[in-house]
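Heads up, the chain below is alone and in the form predicted alone; it's given as structure tokens.
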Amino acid sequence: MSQTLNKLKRIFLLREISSFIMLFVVIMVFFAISPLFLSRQNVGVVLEIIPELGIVAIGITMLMISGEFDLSVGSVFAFTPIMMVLMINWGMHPILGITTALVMALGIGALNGFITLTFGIPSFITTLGGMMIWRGAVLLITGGWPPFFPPEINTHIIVGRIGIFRTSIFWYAAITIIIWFILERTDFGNWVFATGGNRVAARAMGIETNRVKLFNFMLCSMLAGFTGIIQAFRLRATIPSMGGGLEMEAIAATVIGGTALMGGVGTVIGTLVGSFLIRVIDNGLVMARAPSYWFRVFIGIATISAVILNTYVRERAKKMRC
């Protein structure tokens, strides 16, 4: 009996527990509304669109754990594939065009980090400005019109089909595993948690907190750019408005998954579940033929509920421990 109780305590102490509970409940509700919700075809649709939120949310998770934000990811999500397509249209080899576009995304993250850390500006303000700058740059460069998507681009490696899956889901899985390993099994992961938890103490321990934060800014921006390329490859189109509102969805997925807004606490597995939850809600509302504006309402409810539920179960677990 005591062993069972101890196992329950460990489960309740998981930061992911609230998102797991909510995901299960939401799936059951939508399945009850429409049995086709769990059909093979619909599951394939959900798995097809999850990477385009989840990979961005993983970058946000790393950055938030270290105590910073990035509101510019949605704009970088649009800017990167559009620059890729334009450079290829100008005669650049597709591989070089993709690489150069990703380096640009990396540079945007470096710029965000440099401004934030050098001038002591809150990252919320820096990246809010970046969000408007890069979205404006997209509209300025394209004139608001989608650029021609080059037919010579081979999209199979990134978004090709294997049964009901697209290869993008395997990219998502690989990135999730790598970032989980970095956070949970390396010294750098400990530095990320220490930097977000108590920056002064982390500095006293000899951790280069600025370098940790700068790395995470760059990683976050590059992952956003890569995800934009994934969507462009899937649609075989680059739309100037793509990625609109993505930053809020990514932050919501991260918070739902148990990452603390103030830094120092977070989990990649929780973000994975949070991303699934958001896309399941999106898809479930479509299956239920609900008006599209309900999506934002449900995501807001889910975000608040996850934080409340996570706090409640952890308090209960602490009482069980006593």
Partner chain sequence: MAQNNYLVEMKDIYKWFSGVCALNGVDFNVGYAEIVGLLGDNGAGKSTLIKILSGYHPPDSGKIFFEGKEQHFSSPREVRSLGIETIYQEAAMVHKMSIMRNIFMGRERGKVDMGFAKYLDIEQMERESMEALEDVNLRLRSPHAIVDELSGGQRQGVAIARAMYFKSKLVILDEPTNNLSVKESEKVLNFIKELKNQGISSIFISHNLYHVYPVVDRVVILSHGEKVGDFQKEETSLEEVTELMVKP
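Because the structure is a prediction, the values reported are computed rather than measured. Positions refer to the first chain, counted from 1.
In what follows, reference is made to the form predicted together with its partner chain, a form of this protein that is not presented.
- Among the residues Val265, Ile269, Val46, Leu285, the one placing a heavy atom within 4.5 Å of its partner chain in the predicted complex is Val265.
- Scanning Phe124, Phe170, Phe114, Phe181 against its partner chain in the predicted complex with a 4.5 Å heavy atom cut-off leaves one residue, Phe181.
- Its partner chain in the predicted complex comes within 4.5 Å of no heavy atom belonging to Phe149.
- Contact annotation: Gly197 falls within 4.5 Å of its partner chain in the predicted complex, judged by heavy atom distances.
- Although the partner is absent here, Leu128 lies well away from its partner chain in the predicted complex, with no heavy atom inside 4.5 Å.
- With a 4.5 Å cutoff on heavy atoms, Thr186 counts as touching its partner chain in the predicted complex.
- Segments offered: 199 to 207, 227 to 235, 140 to 148, 247 to 255. Contacting its partner chain in the predicted complex at heavy atom distances within 4.5 Å is 199 to 207.
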